[in-house]
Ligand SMILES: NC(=O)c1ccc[n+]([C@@H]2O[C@H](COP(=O)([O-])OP(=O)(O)OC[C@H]3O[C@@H](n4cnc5c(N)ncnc54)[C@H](OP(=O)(O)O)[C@@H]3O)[C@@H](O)[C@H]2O)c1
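In structure tokens, the next block holds one chain alone, the form predicted alone.
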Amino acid sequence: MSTTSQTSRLGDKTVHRIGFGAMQLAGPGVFGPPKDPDAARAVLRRAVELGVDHIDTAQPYGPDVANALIAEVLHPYPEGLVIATKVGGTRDEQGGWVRASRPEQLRALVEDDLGSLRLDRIALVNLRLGVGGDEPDPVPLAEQLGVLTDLRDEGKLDLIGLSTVSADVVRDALEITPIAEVQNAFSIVNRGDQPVVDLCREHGIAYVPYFPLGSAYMGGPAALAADPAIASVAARHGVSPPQVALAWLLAHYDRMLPIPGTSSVAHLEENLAVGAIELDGDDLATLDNANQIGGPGF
């Protein structure tokens, strides 16, 4: 049995393998304030207490709700805390997702993140493609990445990543600038993005899976518990099916950096205990039979 590393590389930074996704800090539908602001603050405090040093957020989460909570609770930030954000979309007054991919929009979103997070420099900014529908983006990828590289040269961000992208887009981006991470949908029950994971492995790029426990639209943790393969491995280790799903991700690629989000301290603690779970060859062979209920990873 091999020992799962507890840390990995995110670009030039070393972080703990399990991070925290801030999307659930906002209200229902990722819009407006949380139902229980004190619980949201408690989750952030406990995450850092337990060693989380990679927090993923975005201006549209609220909008600005997640960023404001992070700054209120954690600023001045602990040394080594990596805060990642993403640009490429925003919200309308009804909470709808709206594309914002023009260079001036991307620059404004980064500036907004800097202000709301009380940062002089953002550790990582992901370019999120495909916001606001399936229509092709009229702004070329090179122009979008160009403004991020300009901002990097200006000292306003360190690393550039990609979100919701195909393998071909990753290859195109690598021709333009170094890519520190790819953030796509991927989980034990949705392996459609395996070609992108393989490409990241080839280039030493961190892979940050969103929906690491499966999308709520496809059953989420309940679907994991109902899967015989996942349930049997969970019973063997005396842990929960979601913990097995996260442990499988850690075993799948040494630069896999899940960012499970929650508004519950108990769920947070359960997620962060996953590093102690060691899946052996028999476990992984069993989990290969987990039902696939997801779609493509992008």
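What you see is a predicted model, and the numbers here were worked out from it, not measured in a lab. Residue numbers run from 1 along the displayed sequence.
Unshown form predicted in complex with the named molecule; subsequent notes refer to it.
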Candidate site S8, D53 and L159: all three near the named molecule in the predicted bound form by heavy atom within 4.5 Å: no
Listed residue that, although the named molecule is not shown, lies within 4.5 Å of it in the predicted bound form (heavy atoms), from H267, H237, H252, R41: H267
Could you tell me which one of P228, P221, G115, P103 places a heavy atom within 4.5 Å of the named molecule in the predicted bound form? P221
Heavy atoms within 4.5 Å of the named molecule in the predicted bound form: which stretch among 166-174, 144-152, 205-213, 107-115? 205-213
Quick one: does T286 come within 4.5 Å of the named molecule in the predicted bound form, counting heavy atoms only? no
Non-hydrogen atom contact Y61 with the named molecule in the predicted bound form at 4.5 angstroms: yes
Proximity of N190 to the named molecule in the predicted bound form, heavy atoms at 4.5 Å: no
State yes or no: in the predicted bound form, is some non-hydrogen atom of V65 no more than 4.5 angstroms from a non-hydrogen atom of the named molecule? no
Select from 15-44 the residues with a non-hydrogen atom within 4.5 Å of the named molecule in the predicted bound form and write them out in sequence order. G21, A22, M23, Q24
